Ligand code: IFM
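Have a look below at one chain only, the form predicted on its own, in structure tokens format.
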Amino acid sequence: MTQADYPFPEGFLWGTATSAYQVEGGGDTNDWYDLNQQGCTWNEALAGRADEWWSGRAEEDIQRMAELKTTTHRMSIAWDRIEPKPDQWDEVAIARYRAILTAMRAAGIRPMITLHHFTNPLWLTEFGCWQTPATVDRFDRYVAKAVESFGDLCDLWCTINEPSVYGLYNLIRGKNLMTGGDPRAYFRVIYYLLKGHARAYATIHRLQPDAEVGIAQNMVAWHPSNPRNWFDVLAKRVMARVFSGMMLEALQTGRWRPLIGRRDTIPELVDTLDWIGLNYYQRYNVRFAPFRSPGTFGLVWEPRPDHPHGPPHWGEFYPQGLIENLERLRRRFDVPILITENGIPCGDDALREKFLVDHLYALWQAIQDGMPIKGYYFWSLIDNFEWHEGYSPDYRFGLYDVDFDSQKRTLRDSGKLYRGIIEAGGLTRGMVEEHA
């Protein structure tokens, strides 16, 4: 077997990631399903069958994880499947998730369960969703049920996926499940998500003391479009603050300092991380353009056209940003770091091999610098339903191509490369010379 010239630590977690609504299919009791009916996706696509995990194909794809030589997989469970009505638990759905988790364990794949990955039970919207303290209590009951149901099969938990994206992405698009376009409501949503994380952390450890619990925070490499323009520099600082800075400060100190709205202290939030997850994809260059973009406070973020980037408006391919954000996390937290998502939308796979090698080389450099990186989850194992982008051919993230009509999976060259990296225990000089 080829040995790595740039080896990763022994026991490093090599993984892939998916989320429930994007792969399961057939989920019609959550708020994203309701939003899909309003025609908010590319070509007005509905999630429909997705990747048919719920009806039985999850086990096939678990074997594909094993074929890639991965040792872990990050998946989410759907709150609405487990609790389709308030205080009513669906034991059939719980049994299906147990079957999926059991198959992972049998294949040598350590599962990480994400408890909230963007979707909510439709009934929760009637109670104000994540704008009310009652949702924190309801979420806590669901978390307790999940740990009681799956704790014997999972000891690695992610409470919330990307709290800022959950609010900000929809706010910008004007298709918002939570805030109705009100920026003050966006900050309330983040506030209660953080309180939900704190409660979930305590509940998981009460029921499963040896569990490892964290949160997945999306972090962008924000740069000013013109570093000499004071307005652009300020715009960059605002975006970094709103998108991740205020959440990281709250997790570190318990101080909640939103850009607008009521400030508070959340003391129970301090020391609620056994690890912290970084979802990193791209760089955006920010400029202040008040007349062009009044709906986003006059801030515009775009890739430079002469830099490698994904589809329009996706952002730049920028591996150095991974190191920049890892350094931000290391300055704040003395806990292991997991790369809980990293990938690129690329239907023809043309950039994915270069993306993978460049980012893993940056990660290797960070490890040499002493950063406590514990694992890496590539987004995604398979092409899936990509939220607002639906099944757009530009938004295919998978190491496996999926024909959504036939459900046929085909391993891409980037998947073969990832398998080779895992088998070698890191990057070889040949991989770096060919792809980086």
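Keep in mind it's a predicted model, so treat the numbers as computed, not measured. The numbering used is simple: start at 1 and walk along the sequence shown.
This protein has a second form, the form predicted together with the named molecule, left out of what is shown; the following refers to that one.
(request) Mind telling me which stretch in 157-165, 327-335, 235-243, 257-265 gets its heavy atoms within 4.5 Å of the named molecule in the predicted complex? (result) Every other range fails; the passing one is 157-165.
(request) Tell me, yes or no, whether F150 is in contact with the named molecule in the predicted complex, where a contact means a heavy atom of each within 4.5 Å. (result) F150: no, not in contact with the named molecule in the predicted complex.
(message) So in the predicted complex, is the named molecule close enough to W123 to count as touching (4.5 Å, heavy atoms)?
(response) W123: no, not in contact with the named molecule in the predicted complex.
(request) Give a yes/no on whether W364 approaches the named molecule to within 4.5 Å in the predicted complex, heavy atoms considered. (result) Contact with the named molecule, no.
(message) When the contact criterion is heavy atoms within 4.5 Å, does E52 count as touching the named molecule in the predicted complex?
(response) No, E52 sits far enough from the named molecule in the predicted complex that none of its heavy atoms falls within 4.5 Å.
(message) When the named molecule is placed as it is in the predicted complex, are F12, D358 and Y376 each within 4.5 Å of it, taking any non-hydrogen atom of the residue?
(response) Per the other structure, none of F12, D358 and Y376 touch the named molecule.
(request) Using heavy atoms only and a 4.5 Å cut-off, determine which of F231, W314, F127, W89 is in contact with the named molecule in the predicted complex. (result) Flagged contact: W314.
(message) By the heavy atom within 4.5 Å rule, which residue out of W222, F288, F187, F118 makes contact with the named molecule in the predicted complex?
(response) Exactly one residue meets the criterion: F118.
(message) Need the contact residues for 334-354: heavy atom within 4.5 Å of the named molecule in the predicted complex, sequence order, or none if there are none.
(response) If the 4.5 Å heavy-atom criterion is applied to the named molecule in the predicted complex, 334-354 yields only E341.
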